[in-house]
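Quick heads-up: it's one chain on its own, the form predicted on its own, in structure tokens.
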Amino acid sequence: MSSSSAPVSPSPVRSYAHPEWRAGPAGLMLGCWLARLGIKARIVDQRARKITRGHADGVQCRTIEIFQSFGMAERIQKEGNELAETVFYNPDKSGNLVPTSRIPDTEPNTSRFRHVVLNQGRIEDFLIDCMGTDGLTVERGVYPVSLECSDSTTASHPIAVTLAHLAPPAKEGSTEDPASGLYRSNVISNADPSVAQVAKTEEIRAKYVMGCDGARSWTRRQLGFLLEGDSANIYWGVMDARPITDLPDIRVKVVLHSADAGSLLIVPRERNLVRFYIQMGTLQPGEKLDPSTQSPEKIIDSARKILAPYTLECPEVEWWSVYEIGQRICKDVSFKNRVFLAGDAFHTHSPKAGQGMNVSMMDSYNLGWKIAACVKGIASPVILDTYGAERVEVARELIEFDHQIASLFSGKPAVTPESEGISMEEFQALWVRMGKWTSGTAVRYGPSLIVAESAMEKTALARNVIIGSHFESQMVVCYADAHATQLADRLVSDGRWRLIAHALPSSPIKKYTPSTADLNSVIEVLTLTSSPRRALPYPAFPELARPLVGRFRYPTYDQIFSDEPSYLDGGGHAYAAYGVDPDGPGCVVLVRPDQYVAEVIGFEGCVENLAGFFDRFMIHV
């Protein structure tokens, strides 16, 4: 939350019943944006310590692209396990499990990064380190107990939030089993929330509040918003273990349907761990499991029955939990464009497709730069309307896909074409068809204030650049030093818009740039020429392409690129990949701070068209 703090006032020690309020991936991603852009913010977590094991683990291609923009992708690639293959096991006509097909885990040419799995706790470590570099830390043992939003249209900080600071525990350590994730499971009733001692409270005033507080969201309940959806009344177990098994494909992703004992998903993890998702049983409508009846031994026993005749022993289980299959969505994600919901607070689903952590972080990645632009006076608050319009539609697509995949996963397979049950061919076809979507790279935002309408003339300028989709990377060569560069690596998360110019027009960017700031501080121009580097001397480019920056007006050397092959890393096909004719009229691709294409403009009337686009929401200086 962006805030200015009132003085902390001590209060008598008392008890509060409270929900699960934790600084997870969605909130931490938002923290990275706000810290990087210099926005005063606070991020609170009721728990004294962060998670260290279990929970989400899939990190999709698009998510790693975003981590790259914050300078963290290398850490994920180094520690995580890259998934290369998915194999499908199904029963043959005799009911025996056999591998039926193999596919690449990531569809070729999807991204410059691959699907990786890594403990959510480590992902959170990377995010915490990133925002800590810019001065923002997580306040632990703190959570909100009241929220009021003023109707005033003139108040600079219209939201009042009361925060409770928990008293330190009487003894060090925790009585909670670190290997069990049941305390956050949706199969356990939340009618008896935990009670903690509050040492003091404080009231803060905030411009904006973002509730990234999970499926049992306190923020959502304060707003009176509801999660709507269905439950499949089927529950699954999940565990991270170091297994001993004769299943030959234990180190690739396995999607397995047994003839009559259920289904499971196997995902090989880092540190020689393996994540198992195991179909367990059914529930009556409204039924919640008794946590005392759940155990890792029960989960392993179910897994053995599904895997038979393959054997399974799990002498070391690092983490386990049980969850119910269901899909729910909150259609309202903002209140007066002052209080927002992100992540599981407004969409919940099964973990089968590895989307929960990824889509949650993409929610706050979409929102963070918009909040910062409003706080800094760069953009009008009208851009905040686009958050709900864009992310609710993504959540709807996710819920629809998850409903299909969960139903096919949990259904009994048809052993023959004539028998009743789920068609394994239909299941695999859906899995393959949705591969690009699950990678996160197929998201496309519709027309809005910050996404232009598509038109035939725009498509003709750059045939393969899709307005509303993320800008795809290509290998290019830096004009000044001949270094090979992934062009999207220049789209760092620093709040700036980018004009990617195929050749170079003039530009209205000075209109939105403070007179005391560098020319590229709000809108940066990246120029990509089709000609070789030797065709034009570097000093011959205009200042728009190589602006002078800093106190001593140093020239920049990292904004002009050539579409020629590098000496060592290939490339030389960017114009073709983007569908731009090197002998054509040229064009400019406008990219938002979150790397999504906002507009494609030809050189004729370029200055006027850009000004017309930005004038709708940018604040003149």
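Start at 1 with the first residue shown and count on from there. Keep in mind that what you see is a predicted model, and the values were worked out from it rather than measured.
Beyond what is shown, the protein has a form predicted in complex with another copy of the chain; the following relates to that form.
The candidate spot formed by Pro104, Pro108 and Glu316 is fully in contact with another copy of the chain in the predicted complex: every one of the three has a heavy atom within 4.5 Å. Although the partner is absent here, Ser302 is not a contact residue: none of its heavy atoms lies within 4.5 angstroms of another copy of the chain in the predicted complex. Although the partner is absent here, Leu449 sits far enough away that none of its heavy atoms falls within 4.5 Å of another copy of the chain in the predicted complex. In the predicted complex, another copy of the chain stays beyond 4.5 Å of every heavy atom belonging to Arg433. Although the partner is absent here, Gly214 sits far enough away that none of its heavy atoms falls within 4.5 Å of another copy of the chain in the predicted complex. The contact residue chosen from His165, Arg114, Lys458, Arg220 relative to another copy of the chain in the predicted complex is Arg114, the criterion being a non-hydrogen atom within 4.5 angstroms.
The contact residue chosen from Arg251, Lys288, His403, Lys298 relative to another copy of the chain in the predicted complex is Arg251, the criterion being a non-hydrogen atom within 4.5 angstroms.
Checking 487-495, 421-429, 226-234, 547-555 against another copy of the chain in the predicted complex, the stretch whose residues place heavy atoms within 4.5 Å of it is 547-555.
Contacts between 422-445 and another copy of the chain, taken as any heavy atom within 4.5 Å in the predicted complex, involve no residue at all.
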